[in-house]
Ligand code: SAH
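Listed next as C-alpha cells is one chain, alone, in the form predicted alone.
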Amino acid sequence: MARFAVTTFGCQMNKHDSERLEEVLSGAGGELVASVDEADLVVLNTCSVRDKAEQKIRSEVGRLSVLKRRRPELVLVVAGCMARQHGAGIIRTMPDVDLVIGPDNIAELPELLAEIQLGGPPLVRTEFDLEAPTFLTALTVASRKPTAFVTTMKGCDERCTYCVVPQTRGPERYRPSDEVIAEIQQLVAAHVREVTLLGQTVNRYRDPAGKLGRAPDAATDDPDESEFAALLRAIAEQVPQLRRLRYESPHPRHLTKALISAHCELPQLPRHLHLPVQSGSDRVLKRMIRRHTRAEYLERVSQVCARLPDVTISTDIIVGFPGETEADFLQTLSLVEQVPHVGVFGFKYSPRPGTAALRLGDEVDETTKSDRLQRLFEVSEASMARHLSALVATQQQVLVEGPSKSRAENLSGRSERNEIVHIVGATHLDIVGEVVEVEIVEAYKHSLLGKLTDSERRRARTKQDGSGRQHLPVVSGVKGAAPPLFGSD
C-alpha cells in the first residue's frame, strides 16, 4: 500500500469519515503523510451541501491534475458526498480521477485500489448499505487526541427542500446502542476524554436492537420523542470515566422533555446546545419544509433556558432562500437577538441539484444574499462579543485539547459551554486531555485568553513532579523586576 494523504471538506461527519479512511488505509499497510506532494495516493473527502464547496474541490482536482502529469503513478480518489451526488459524472468531467467512492463504501477502498493498480479503468462505487448498514470505527486515529467523534446513525429522512443529504447519505439507518457504547469505552480506555455523537438528525435516534429502555420524562404521546435521551443516559452510566459528551446536529422537533431532563441531570453533558433553526420566518420555514415553526423553536429554547440558566445556544441560518423577503429576513434577525445566540453559522442559500427548492422560483439575487449575510453576522458578532466580555475575570472548566492553532506557545481547549479558551504559560505542563480550572483574562473576537488558577497550577506541577512535593517559586535577584506574565513560571 502506498503513502497516502487525505484532504477533508465539509462537516464533522466528513471529518469522522476521513478518520475512517485513514484507519482503513493504514490497516491495509498504507503510510499517512502530511502533504499531498509526498503522497502516492490522494483522497479528497468531499462535501456537496453548497456549490462553493464543490467549486473548491474541482479547483483542488485541477491542481492535483498538474501534479499527476509530472507523476503519472499518482492515484487520485474522490470520496464522500460529492462522489455520491455526481458518481460517474466526476470521471467524465475530471478524467484524472481514478476512483469515485461513496461514504458507505469506505471499507472497500483497499480492494478497489488494488484493481486500479493492476491497470484497470477508473472505478465508481457509490452504493448505500441499506440492507446491512455498517459503522466503521477509527479508534487508532481518534485516540491520538483527547476528543473523538462517534457515529450513532447515518442518512436522513427529513425532506428539507434545500438539502442534498438524503441523496448523498441515504435514508436513516441507526447503529445499535451496544456498538456505540462499546466504541466509546474503547476510546476512553485510549485516553479520549470527550466524545461527540454524530448523526444527520442525531436526536431522532432509535436503537435497532431494542435494548434501550424509555428515558425518564419521555412522553408516550409525543410523536417527536425518540430514544436519544435514553442513549445518553446509558453512555453516562456505562462509561463513567468519560468527562464530556456532546452531539450534533440535532433537530428542534426532537428537543423533547426527556432530552432536556438529560441535559439537567447528566454531568457529562456540557452547558451548550447547537440547535439549527435556518430561518426566523414561518413563511420561509414552511417553504423549507423544516417541520417546526418560529414559536415552537423559541418554546423549546425557553424550556432549556428555564432549567439551565447558564446554557449557551448556537445555531445554523440560511439567508436568501428562494422567496425570502426583507420582512422575512428581519424576522430572522429578531430571532437571533431574542434568544440570543452566542454562535451563528450563517450561509447564503446555494441551489443544489435534485432538491425541491429548485422548483420554488423567486430566486434572491447574490447582492441581496451577501448584504443579508453581513447584517446577520453583525448582529451575531455583537451578541458573541457581549457574551465573551462578560466572562473576563471568571473561572472556567476547560478541557485542554492541545497546542493553540493561532499561537503555538499557548494551549487551547473548550469550556463547559463550548467557548474556545487559549491558555497562556502552560505548555510545559502535562495537562492535555485534562479538565483544568482557568481564569479568563481577556476576550477576543471568537475566543478567550486565560491562565491556570494558582491552585490548578500547583496541582498540575505536583502531578508532573510525581513526588508530591510542591515547587517553590524562583525569586529574581534583580531589584524591581516585574512579576512573570500571567503567573508564568
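If you're wondering where the values come from, they're calculated on a predicted model, not measured in any experiment. All residue numbers are counted from 1 along the displayed sequence.
There is another form of the same protein, the form predicted in complex with the ligand; it is not shown, and what comes next is about it.
Student: Tell me, please, which stretch of 385 to 393, 218 to 226, 183 to 191, 345 to 353 lies within 4.5 angstroms of the ligand in the model of the complex when heavy atoms are compared?
Tutor: Of the stretches listed, the one contacting the partner is 345 to 353.
Student: By the heavy atom within 4.5 Å rule, which residue out of 261, 249, 196, 312 makes contact with the ligand in the model of the complex?
Tutor: Exactly one residue meets the criterion: 249.
Student: Which one, 146, 322, 276, 176, lies within 4.5 Å of the ligand in the model of the complex by heavy atoms?
Tutor: Exactly one listed residue reaches within 4.5 Å, namely 276.
Student: At the 4.5 Å heavy atom threshold, is residue 265 in contact with the ligand in the model of the complex?
Tutor: Taking the distances in the model of the complex, the answer for residue 265 is no, it never comes within 4.5 Å of the ligand.
Student: Decide whether residue 162 counts as a contact residue for the ligand in the model of the complex under a heavy atom distance cut-off of 4.5 Å.
Tutor: Close contact exists here: in the model of the complex, residue 162 approaches the ligand to within 4.5 Å, heavy atoms only.
Student: Can you work out whether residue 49 and the ligand are in contact in the model of the complex, taking contact to mean some heavy atom pair no more than 4.5 Å apart?
Tutor: Yes.
Student: Residue 200 near the ligand in the model of the complex, any heavy atom under 4.5 Å?
Tutor: Residue-level check for residue 200: yes, a contact with the ligand.
Student: Residue by residue through 286 to 315, tell me which have a non-hydrogen atom within 4.5 angstroms of the ligand in the model of the complex.
Tutor: Sequence-ordered list has one entry, 290.
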